[in-house]
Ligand code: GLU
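As structure tokens, one chain now follows by itself in the form predicted on its own.
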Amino acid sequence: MKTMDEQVRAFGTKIKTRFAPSPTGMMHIGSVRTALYAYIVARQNNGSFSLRIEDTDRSRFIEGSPEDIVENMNWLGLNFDEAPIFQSERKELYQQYAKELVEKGVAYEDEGAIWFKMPAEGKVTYTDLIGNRRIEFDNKTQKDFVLLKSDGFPTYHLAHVVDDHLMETNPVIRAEEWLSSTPKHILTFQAFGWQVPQYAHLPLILGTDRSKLSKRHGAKAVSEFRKDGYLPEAILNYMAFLGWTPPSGKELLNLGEMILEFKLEDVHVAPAVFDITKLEWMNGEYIRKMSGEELTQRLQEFLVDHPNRDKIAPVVPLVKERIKKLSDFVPLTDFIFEKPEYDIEVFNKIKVENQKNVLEKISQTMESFEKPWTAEEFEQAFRKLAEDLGIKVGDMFQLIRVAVSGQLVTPPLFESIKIIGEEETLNRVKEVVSKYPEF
């Protein structure tokens, strides 16, 4: 069995791949895998990788979509080697090629549209690079199809063939949904007298319930994942694994490592399952691998509107093991940077009676500390206070936590207090005492 490289080399051209999305919305997470695999194949073979915007269906065109695609490709690090090609700018070119097929007698024109005439006999066969599958289509099961619409724009069937020929694309890496259209494309290549490229149709991506992938499975636009605080390297890593297993068995692979390990012929034929929980876990693993300095920089770049971006660094060690996304930083730490709003319902969840009285004693104990406060003194003093008042130690520290932060879950309490400052911490507890329970 020939490898993908051997099959493509037999084609006789340099390996050139492309990512060719339609600008019918913001770039979807599912598209990342197609772009990534095409990018990897090009980089593995010192080939070229191009971006082609397939915007000939003007009725479905969404303003801002091409810009979103380009921006997110750059954010992901999937850099293309030349300026993007826009099919809408090549309208006259497709018209010329459509007329050429009419002149050859393999296409015909009616009511303004130009149609490809499917042969009534014979078969179309080819070997798909995914699974090395030998696929066969009976021509008699195929119908004539439109090449050029009445508005003068080409259909995908014509534009794909013309552009992939002129761009010397090989292999053509695209989604499984186009597999049924392959006989149309092969016959069109042959009608022009052009060599047919190798095709690789990637397996479907399904939701966890094995149905079509949608937002209810957590799948959405790349820009939304970006706003949610996902890292580009984690997204690439996860999407690469939807249909491929690295020989090394490693769970975390950077782009360079993927280029070394990936083989197109190793991609599975069976559908892959998108699991947002696994992606979130992987994102957290990438965060934990970062140095404190790198995570600080990423957070500062992500939190562009944060009022205290220059004070993020000392907080990073407290949250590094606790966050899975960059966006987790704010709800976990906002109390450190500004005084929280209090909710009596949060206090009601703590199993401590006579809370106002206990909070007064907590305030008095804090006032008795010499500055700077030490972790040992802090813990010993409040363990003793809990014992004296007949309160569980855990409940005592939880009450202090809520009085300082307004929330039940925070980074380590004493370390957070040291960043907030002793005076501000004491003032917060005193304010809670004075307003309890009128929050």
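These numbers come from a predicted model, not from an experiment. Just count from 1 along the sequence shown to find any residue number.
Omitted here: the form predicted in complex with the ligand. The next part is about that form.
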| query | Though the ligand is not shown, can you say which of 178, 189, 115, 369 has a heavy atom within 4.5 Å of it in the predicted bound form? | reply | 178
| note | None of 145, 281, 337, 156 but one has a heavy atom within 4.5 Å of the ligand in the predicted bound form; the exception is 156
| message | On the criterion of a non-hydrogen atom at 4.5 angstroms or closer, are 109, 149 and 152 all touching the ligand in the predicted bound form? | response | no
| query | Given that the partner is absent here, does residue 16 sit within 4.5 Å of the ligand in the predicted bound form, heavy atoms only? | reply | no
| query | Looking at the partner-bound form in the predicted bound form, is residue 324 within 4.5 Å of the ligand by any heavy atom? | reply | no
| request: Would you please decide whether residue 22 lies within 4.5 angstroms of the ligand in the predicted bound form, comparing each non-hydrogen atom pair? | output: yes
| Using heavy atoms and a 4.5 Å limit, would one call residue 57 a contact residue for the ligand in the predicted bound form? | no
| task | Work out which of the listed stretches, 254 to 262, 125 to 133, 168 to 176, 311 to 319, brings a heavy atom within 4.5 angstroms of the ligand in the predicted bound form. | result | 168 to 176
| field | Sequence-ordered residues of 62 to 86 touching the ligand in the predicted bound form, heavy atom within 4.5 Å | value | none
